[in-house]
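Before any questions on binding or motion, here is one chain by itself as structure tokens, the form predicted alone.
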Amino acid sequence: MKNDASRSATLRRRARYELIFLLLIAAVCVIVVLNINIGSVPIPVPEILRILFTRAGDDTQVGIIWGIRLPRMLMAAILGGGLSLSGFLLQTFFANPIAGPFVLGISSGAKMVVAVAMIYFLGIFRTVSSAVLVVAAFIGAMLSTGFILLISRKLKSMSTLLVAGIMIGYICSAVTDFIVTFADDSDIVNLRGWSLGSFSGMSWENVGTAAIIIGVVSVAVFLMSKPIGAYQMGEHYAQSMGVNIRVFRVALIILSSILSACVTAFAGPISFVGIAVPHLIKRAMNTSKPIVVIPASFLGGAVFCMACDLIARTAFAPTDLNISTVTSVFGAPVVIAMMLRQRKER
């Protein structure tokens, strides 16, 4: 009887996982069509399919799909998935569901160093490459993360650590604003648009660079599913399973920083995705198993950011909303509900 009950529970869990993945894939397909179809120039679905598969059709529509909407949509999916994974890794590292790259000030640190790099390179060379932005963002993310780790040794309370992270974020944002104030007018235009967060103006070069970086890191994170699962059970248990805790923790921080840095470099700071999406995925699947949560979180982040970008692009067209404005509207209530639920469980 026990074996039958165990087998039945396993089958129910597997069916639940499969249903969630099917729903996420279906949501991706629907939002892809809506993103390409909806805009100032509506394009019928049959025409969209013809242009996507043959690149034949009206030149204006081909240019809109392949030059504007498709790279922007793909960038939202790639960066959204990467940001969600970054949040999952930080939540694992700090063992707290409210930890995320935006809340801990990591995105703000990346933003600060990217602002410096943009002003320097735009002032001298009048252009700045994607590689420079990613490296600058990674340096900024690691600086903020280093401060957080130093503070974490002194502060044992996670709530106090989160407040410290928020303060670091405010300091980095203040420094960024100070830098922008004394930048040239032409540089300020570029910085303002980027610093507010947006997926607009993405090129295929940006998509390719982001896909390579986030793709490689995401595969590395997935391959770490087993040690992550052991670490979730506690450090002592992970050590008994052969996990080198020091190396593992460093790997978590570096991988999370790369993901967060890549997102910030291309789209600016984006709030709440790294906290809300992993939480919703774990609640929907009723599990924290990394082997299923990691791919589901990536898909969930892609769906969430594509949907938010669609709203940002069309809600008050032709004016684009900042992407963080939309993600905050939908992500902040999730975080508030999460905090209230934690308070009730204590």
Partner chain sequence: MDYLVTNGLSVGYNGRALIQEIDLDIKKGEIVTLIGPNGSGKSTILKSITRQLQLIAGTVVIDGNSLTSLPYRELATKMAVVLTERIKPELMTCRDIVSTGRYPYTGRLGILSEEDEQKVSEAMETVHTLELEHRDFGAISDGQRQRVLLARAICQEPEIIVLDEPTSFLDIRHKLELLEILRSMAKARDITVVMSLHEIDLAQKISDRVLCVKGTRIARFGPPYEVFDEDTVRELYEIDRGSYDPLFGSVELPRPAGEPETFVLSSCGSGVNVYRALQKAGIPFIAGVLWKNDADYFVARHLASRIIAEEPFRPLSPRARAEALAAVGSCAAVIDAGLDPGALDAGLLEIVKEAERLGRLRHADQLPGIVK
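These numbers were taken from a predicted model, which means no experiment stands behind them. Residue numbers count along the first chain shown, from 1.
Only in words, not in the display: the form predicted together with the partner chain, which the text now covers.
At a distance threshold of 4.5 angstroms between non-hydrogen atoms, Ser288 is in contact with the partner chain in the model of the complex. Contact between Ser129 and the partner chain in the model of the complex is not found at the 4.5 Å heavy atom cutoff. With a 4.5 Å cutoff on heavy atoms, Ala230 counts as touching the partner chain in the model of the complex. Using a 4.5 angstroms limit between non-hydrogen atoms, Thr160 is distant from the partner chain in the model of the complex.
Out of the listed residues Ser200, Ser152, Ser240, Ser203, Ser240 is the one that sits within 4.5 Å of the partner chain in the model of the complex by at least one heavy atom. Checking Phe222, Tyr170, Tyr120, Phe178 against the partner chain in the model of the complex, a heavy atom within 4.5 Å turns up for just one residue: Phe222. Stretch 241 to 249 is the answer when you ask which of 269 to 277, 68 to 76, 254 to 262, 241 to 249 has residues with heavy atoms within 4.5 Å of the partner chain in the model of the complex.
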